[in-house]
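The chain below stands alone, shown as structure tokens; this is the form predicted on its own.
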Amino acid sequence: MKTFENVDVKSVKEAVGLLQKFAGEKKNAAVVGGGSEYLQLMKVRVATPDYIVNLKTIPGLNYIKEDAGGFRIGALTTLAELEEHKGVQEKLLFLSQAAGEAASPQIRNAGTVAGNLCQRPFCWYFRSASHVCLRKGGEICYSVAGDNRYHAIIGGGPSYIVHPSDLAPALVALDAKIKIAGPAGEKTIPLEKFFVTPQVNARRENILGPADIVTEIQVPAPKTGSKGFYYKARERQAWDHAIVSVATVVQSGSGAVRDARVVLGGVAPIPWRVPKAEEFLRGKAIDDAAAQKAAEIALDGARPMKDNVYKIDLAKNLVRQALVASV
């Protein structure tokens, strides 16, 4: 692990100012909240910061607040706190369940909501010291000709990583927003627009600049007649990232779908929303046939590689199950 300097900051303004200063000095700086995921990157020297800006010392960034408009979740709220929050369990149970599916109990006690959304990929080529892959500034994505059993089947190229967050698909399905502080002040954008594909930037997973910090997630109150589900397939039940995950939110009334959101995880470099499947469902009564058709639409255009064809049927089955459960 490379030698670095830890800086404990007392405010978001101080953190942004320091990050801006370090960027101007051409120094490599990173922010950490829980720090569990970033520590792994440092151990394998994928991350080699000169400075670590520790956000844990900022008071007031760890909270879950509920009002008539929904929930506001502070960036430093831990996954365990989100999982166990009574209000979230009562009104957004599948978000609580998604938080509970992430990592292990020990990591959930330290890992933060913002950290989960800002994870780097868990591709073995990216995390290998012996491979300078495209995402690390090289010229090739080794998964194309290599072992690609867990890689993207949708939206890939030139890099074929998948986004590892459990929270992201659920929050995108809930139409959540994310608040970001930076040198120009604060801005709030739809979470769906936070993530970027490799076609936009082959080295990044999100829009954060070198001096930007996530400060809050905003989740609107659920609409009357809506149900949400999060399903995750993984190899190890004890702790593992999603091979495929699905988040759905379906609002129904008078026996028909009024609105729907379908978001896939583990299949694309970003949480993959499928508007065509959502549009198909509107105005229909969901039965097994309609759910199966929506699942087919959701995976239309998938382009698997040699080792991950299985993901197509797996994703279809999860979409179908989530939609049938919403009836």
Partner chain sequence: MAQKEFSVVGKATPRIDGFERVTGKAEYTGDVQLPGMLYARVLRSPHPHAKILSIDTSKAEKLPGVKAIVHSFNTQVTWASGGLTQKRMIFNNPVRYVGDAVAAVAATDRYIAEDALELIEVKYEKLPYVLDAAAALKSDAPKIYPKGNLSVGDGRVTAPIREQWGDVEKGFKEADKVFEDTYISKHVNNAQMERRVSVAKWDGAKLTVYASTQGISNARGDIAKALDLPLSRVRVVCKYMGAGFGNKNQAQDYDMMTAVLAKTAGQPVKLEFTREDDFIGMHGRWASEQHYKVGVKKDGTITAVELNAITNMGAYRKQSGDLTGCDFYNIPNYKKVVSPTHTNTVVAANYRAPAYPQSVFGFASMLDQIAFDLGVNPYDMFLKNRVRVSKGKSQFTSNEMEACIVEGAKKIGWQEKWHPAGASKGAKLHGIGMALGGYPFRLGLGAATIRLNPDATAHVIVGVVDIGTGAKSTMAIIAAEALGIPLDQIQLASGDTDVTPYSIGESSSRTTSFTGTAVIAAAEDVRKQIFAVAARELEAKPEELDLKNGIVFLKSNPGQKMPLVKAIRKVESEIIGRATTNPTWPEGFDGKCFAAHFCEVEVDRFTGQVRLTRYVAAHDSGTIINRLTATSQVKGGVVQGIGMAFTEELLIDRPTATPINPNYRDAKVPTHLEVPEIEVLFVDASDPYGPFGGKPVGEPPITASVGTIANAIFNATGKRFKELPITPDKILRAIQV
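Numbering follows the first chain given and starts at 1. The shown structure was predicted, so the numbers you read here are calculated from the model rather than taken from an experiment.
Below: the form predicted in complex with its partner chain, not depicted.
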Inset, instruction - Go through Ala23, Val9, Met305, Leu314 and name the one with a heavy atom inside 4.5 Å of its partner chain in the model of the complex. - result: Leu314
Inset, instruction - Quick one: from Lys227, Arg204, His85, Arg234, grab the residue that has a heavy atom within 4.5 Å of its partner chain in the model of the complex. - result: Arg234
Inset, instruction - Could you confirm whether Gly146 comes within 4.5 Å of its partner chain in the model of the complex, counting heavy atoms only? - result: yes
Inset, instruction - Using a 4.5 Å heavy atom cut-off, state whether Leu19 contacts its partner chain in the model of the complex. - result: no
Legend entry - is_contact(Lys27, its partner chain) in the model of the complex, heavy atom dist at most 4.5 Å: no
Inset, instruction - May I ask you to state whether Gln321 is within 4.5 Å of its partner chain in the model of the complex, using heavy atom distances? - result: yes
Inset, instruction - Select, from the options 210-218, 253-261, 125-133, 74-82, the stretch whose residues sit within 4.5 angstroms of its partner chain in the model of the complex by heavy atom distance. - result: 125-133
Legend entry - Heavy atom within 4.5 Å of its partner chain in the model of the complex - qualifying residues of 29-43: Gln40
